[in-house]
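To begin, one chain is listed below as structure tokens, in the form predicted alone.
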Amino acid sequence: MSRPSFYARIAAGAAFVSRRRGLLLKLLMLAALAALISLPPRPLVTVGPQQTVSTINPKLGVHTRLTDEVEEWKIKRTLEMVRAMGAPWIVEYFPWAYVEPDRPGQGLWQHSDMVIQHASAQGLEVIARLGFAPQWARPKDTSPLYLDEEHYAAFGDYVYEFVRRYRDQVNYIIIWNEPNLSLEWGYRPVDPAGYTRMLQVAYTRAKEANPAVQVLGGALAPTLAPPGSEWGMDDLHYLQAMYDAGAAPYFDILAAHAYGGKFAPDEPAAPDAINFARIELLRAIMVANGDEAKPIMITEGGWNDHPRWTRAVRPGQRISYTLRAFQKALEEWPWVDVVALWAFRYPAPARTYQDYFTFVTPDFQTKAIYLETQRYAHGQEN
């Protein structure tokens, strides 16, 4: 019998390898199927039952940053932990571009609905931050934080629809964020008069949808930027420029940011310093402009405990400063309604100093700042 030809041997070998590969593929598929079957079923996430917040400080709040949290169980778990910590207030971001990414009136409300329904079920009061322009509402190659006056009316329509949709669930809205910083104004020179015109449009449309909704203006970043700076405008000067532009009738509450830097919350306010008490200087400007009846809500703020960031404090200092800040607002600042600190939790690690602003890790591990705030809010001795 003749020996198989060279090509026949090659063909036989290839067939053998193919059979082995097919068997291996089948084994891998069976293993994957077995692993999938062995996984516990994904929990069914339901809204409720209705909860209430227990706290000794009704001004205590946090910025929850659920904007980019995808999974519903994580949204619910985050808000449960906020309630359990003793914070009755949250600030949450509801970007315009997420609801109307491609055209006006698109109405992709599913994520917003999810967050607001779970927040309401946990007994939390939502302060909704509105902004972030879709591509169709701004010039090509501009930042989503860029909005020209041509599209103020379109933004006003979004504000109207948001307020109308959540009329019975959201009582507070913030118009834009940190417009006194060039970055947040779309990498343009800041323009307090232009922001005031945006605020007027948004305020008017919000009140058309719900006359009782409270509109927060400003959301000002504390900065010592000198006159003419390309980076922004001193928040004290910006607020006065807003009043000069006629902003007073178009906001019910001033939103302001109060970061402490390396200073304790009782460090005295000064025009040339950024500290937690700087908020008192904003209040003085409101009073000087006849607006003393309006409150302030601190919608961002706090301290950072990164071990190597030059503006950070030690972890123990962060805890004592935070608790003192909550108590200071309660005891000394009757004109401050909320102290909502940045930030409760991020959906994923930032892997920068920003991670050291949080109260809870992305995988829901509580930090010491969370546990001590919880003890404080529940009236336990620290």
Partner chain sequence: MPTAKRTERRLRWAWLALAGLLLLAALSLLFWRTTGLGRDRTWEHILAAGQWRVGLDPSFPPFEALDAAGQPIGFDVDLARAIAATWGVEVQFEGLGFDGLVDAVQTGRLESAISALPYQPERTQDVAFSPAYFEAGLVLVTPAGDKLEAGAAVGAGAVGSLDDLAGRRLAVEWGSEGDVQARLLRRRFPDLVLLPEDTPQAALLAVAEGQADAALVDHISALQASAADPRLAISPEVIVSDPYVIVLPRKAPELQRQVSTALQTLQADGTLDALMAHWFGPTPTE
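Positions refer to the first chain, counted from 1. Bear in mind that the values here come from a model prediction, so they are computed numbers and not experimental data.
This protein has a second form, the form predicted together with the partner chain, left out of what is shown; the following refers to that one.
Contact with the partner chain in the predicted complex, defined as a heavy atom within 4.5 Å, is made by all three of 320, 349 and 353.
Using a 4.5 angstroms limit between non-hydrogen atoms, residue 375 touches the partner chain in the predicted complex. For residue 48, no non-hydrogen atom is located within 4.5 Å of the partner chain in the predicted complex, even though that partner is not displayed. Residue contact check for residue 309: one or more of its heavy atoms lie within 4.5 Å of the partner chain in the predicted complex. Proximity of residue 315 to the partner chain in the predicted complex: non-hydrogen atoms within 4.5 Å are present. Residues of just one listed stretch (189 to 197, 301 to 309, 286 to 294, 137 to 145) have heavy atoms within 4.5 Å of the partner chain in the predicted complex: 301 to 309.
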